[in-house]
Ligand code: FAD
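Just the one chain here, the form predicted on its own, laid out as structure tokens.
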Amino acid sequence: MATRLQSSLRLVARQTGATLARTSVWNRPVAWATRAAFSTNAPHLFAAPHGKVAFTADKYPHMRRNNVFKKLSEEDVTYFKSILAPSSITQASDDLETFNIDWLNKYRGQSKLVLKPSSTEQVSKILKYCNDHKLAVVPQGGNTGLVGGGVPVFDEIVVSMSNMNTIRTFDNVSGALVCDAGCILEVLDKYLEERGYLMPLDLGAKGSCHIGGNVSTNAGGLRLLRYGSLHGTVLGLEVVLPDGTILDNLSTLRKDNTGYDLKQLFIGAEGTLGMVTGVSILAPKRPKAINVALLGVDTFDQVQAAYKRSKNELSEILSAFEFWDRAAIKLVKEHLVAGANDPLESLHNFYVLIETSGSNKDHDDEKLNTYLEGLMGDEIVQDGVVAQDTTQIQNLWAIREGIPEACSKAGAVYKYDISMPVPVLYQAVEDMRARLVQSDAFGDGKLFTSVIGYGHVGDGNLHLNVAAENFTAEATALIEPYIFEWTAGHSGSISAEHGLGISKNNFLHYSKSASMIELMKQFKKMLDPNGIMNPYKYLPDK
């Protein structure tokens, strides 16, 4: 059926003068690109010399260690040794660096102790002791966050979930999976694959990130269009509160209308209210048929037209609708092996990657074929290809997945993760580029070399990357707070899926009202009166 589909598209291409689905076999090797992104949200965020990451406290001069927090003593360490195995305690300075520095080498804390509990009861004892003695704590999963939320700022104790990695139960009728918070996302997905299911979220960092960290940051990713956010797919949580209380809400029920839905407080709270130790999540059935198409279009209006039509004509089988611009594909071609996988003959202003997934290949192929023929016939699409096998699917996705890494190779990249109504999505890129041009700061030999836009059209989520020669106060001042003001002015959010952490906490007022922020502070004060959980982050501190 896939071959017939491609033949039909060739016919449409001849009728319209366009070229679609030319390539039947792509045999170039693909190196999977690792998602990487770099950002800065303060004038002092410069790379330290000789590759040494500067302390976060030095990058944010306004921050001061809260003297309410006790400093770690030998007596404290002795207590932790009484409840944990020697291998579950890290104190060596070289080993601590892994936990003190985030994976982007942007943020660096000064923790002197890492604890790795292997049970919820041990987490409870640790937090109770820390709360009683006012020892600040940073919960840490796979340390793949993008806003500095998972590493210390000063000398907070790191509580790593790496030893809590057991799959507790799985219901192969309902698809309800219950597991420890330290389970790696990709491990869970492979476990479910063997049983005909899949995890409802997919991230570039899936080989390292923990499900507990995903929940705590309300991670989005590539499957959100199809399966929704974690606010909908998480059925229940097990959370240890700062005073050591174990909140057991690991329900596997899809319907439970009794009392407040407390789990929602902890989804996206970034470990500031308690520590997630267990997750119950609804896994959907794994699709049996997957198609991927890559399209080239001239305008963002055509991107929107293709998306609007995809909702009507692909509806229940549409699983991803991604876009990127000409600047993005140029960087991929210049810096990554994945750039050699671009099967389109010429550069386009915009690219659209569409994925469908369903249970009946003939049915899905026919729907996709009709949809693409319509786009070509109405001249919404100028060029495109449809992947014919798994390798080609991976090759096309490698282009999209490679964009963040390609951006990181372009220099110092200011990265922004914002959401807004789809009609103004790309206007953010155009307005930012125009601002830099008007400031005589864009182009060869200028402060900035490129402005890149890509993201999830179906989620209204734009990844705006501004590449500069270096991180400087002058460069930052041209972007911030302008981009946050622009986002607020278009009824958007300054953080669509990456969270707040230390990077965006003081910009929260651009997305939330004063009354909402005050209520958040009240929740924090009620659940964590001593403020020991992940301090200096998430909520505004100035």
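What you see is a predicted model, and the numbers here were worked out from it, not measured in a lab. C-alpha atoms forming the largest set that superposes within 1.5 Å between two forms make up the rigid core. Start at 1 and count along the sequence shown; that's the residue number.
The form predicted in complex with the ligand is left out here; the points below concern that form.
In the model of the complex, no heavy atom of Phe80 sits within 4.5 Å of the ligand. Contact check for Lys504: every heavy atom lies farther than 4.5 Å from the ligand in the model of the complex.
Put simply, Pro117 is far from the ligand in the model of the complex: not one heavy atom of it is within 4.5 Å. Contact check for His456: a heavy atom falls within 4.5 Å of the ligand in the model of the complex. The stretch among 383-391, 301-309, 199-207, 344-352 whose residues place heavy atoms within 4.5 Å of the ligand in the model of the complex is 199-207.
Note on the partner interface in the model of the complex: the residue among Thr144, Ser357, Asn395, Ser280 having a heavy atom within 4.5 angstroms of the ligand is Thr144. Residue Met161 is the only one of Val234, Met161, Ala338, Cys130 with a heavy atom lying within 4.5 Å of the ligand in the model of the complex.
Contacts between 89-115 and the ligand, taken as any heavy atom within 4.5 Å in the model of the complex, involve only Trp103.
A movement of the C-alpha atom of Ile403 reaching 2 angstroms or beyond is seen between this form and the one not shown when the two forms are aligned on their rigid core. Core-superposed comparison between this form and the one not shown: the CA of Val147 stays below a 2 Å shift.
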